[in-house]
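Below you will find one chain, with nothing else, as structure tokens; this is the form predicted alone, and questions on how it binds or moves follow later.
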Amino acid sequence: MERVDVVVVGLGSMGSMALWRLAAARPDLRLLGIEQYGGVHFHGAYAGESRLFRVAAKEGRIYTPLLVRSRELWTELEQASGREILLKVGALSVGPAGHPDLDATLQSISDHDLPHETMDAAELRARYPQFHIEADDVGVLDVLGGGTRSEVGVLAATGEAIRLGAAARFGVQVDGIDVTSDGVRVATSEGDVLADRVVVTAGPWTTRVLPDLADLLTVSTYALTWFMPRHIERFTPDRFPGFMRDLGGVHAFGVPTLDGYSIKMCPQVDLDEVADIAARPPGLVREQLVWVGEQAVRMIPDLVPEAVRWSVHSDSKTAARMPVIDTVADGRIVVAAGMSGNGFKFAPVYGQALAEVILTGDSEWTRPQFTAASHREAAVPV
């Protein structure tokens, strides 16, 4: 049986980064990443060209230091790989004054003294005429935000890990993980591997290999949509930021054009949560696509209301929409799951945290709220 020091199960958003950070810290270790699909693929939670990147976290003050560090690591990965990953175009939040997400963003900015700009409705119309702006709208530009090229980031991290000495196997399915007296046995479609430690970053497949987390994790599916502007030159990265827009109770996010003919514009569609990825919604129906187009044009009038491209992607989700980053089996297994469709911007820093927990047992980049016990305690009725 093959023996290694560390196995990383799943080489998507978190796993690729964990393997990279492990290889960067300890190139002497025997590191093996195992991925059921290819090096990058359509099935991952990260797939779909790009993701919005924010440093001013509306989700709570505990996240902003993580995002500052994540931005540093994205830059480091760019320099190491020679690939553009981080789109440094700013992240603009637009919504009615007093909207809780805007207030939380401003609180994060204040708490951490982040570079930013605020705009009233008149200033928004003058600077970003691409948007429909209501009289009570305000804007907050997170200067350190922007976007990320998600597939490029995963490929770059995996490539750097391999360059530094890690091994990666693709098209290999993990069928089970068992703790034994001599290590952690990872059963795969190509035979068993014995490791001292295992990192599980399997996204919506997590509970298939760690069923004890089934009480904490469901599978959520998120829709991505792209629309063509009539004037694409108004939506290039030098003129248009990454954005979040709240209008009439509808939330949307997007990034500037990267393909030269369309922009990602994603009004939020509610899709059913399920217990296992096999039961996830297969896609959007016509009624949903019509609604998405109507909302997109309401927010950005220059868009043609028919989506030119769309896709759906699944992720594991927790009730608190807060990740599970914790150890099991006396620390021999480290898991990162429950990113709830909000994880990619954190991927490098969570990868750093996983590597540090494997190597030292702890990391400054984890939080007490991320433990499985904390999730379970929060779920108990008072």
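The numbering used is simple: start at 1 and walk along the sequence shown. All figures in this text were calculated on a predicted structure; none of them were measured in a lab.
Unshown form predicted together with a small molecule; subsequent notes refer to it.
- A single residue from the set F131, W205, F235, F227 has any heavy atom within 4.5 angstroms of the small molecule in the model of the complex; that residue is W205.
- In terms of contact with the small molecule in the model of the complex, the residue from L258, V209, V274, I109 that brings a heavy atom within 4.5 Å is V209.
- The stretch in contact with the small molecule in the model of the complex, judged by heavy atoms within 4.5 Å, is 216-224, chosen from 95-103, 114-122, 289-297, 216-224.
- In the model of the complex, the small molecule lies within 4.5 Å of some heavy atom of L11.
- Mapping the unseen interface onto this chain, Y63 falls outside it, with no heavy atom inside 4.5 Å of the small molecule in the model of the complex.
- Mapping the unseen interface onto this chain, G343 counts among the residues with a heavy atom inside 4.5 Å of the small molecule in the model of the complex.
- Within 4.5 Å of some heavy atom of the small molecule in the model of the complex lies at least one heavy atom of V174.
- Residues E160, Q352 and A355 are none of them found to lie within 4.5 Å of the small molecule in the model of the complex, as judged by heavy atom distances.
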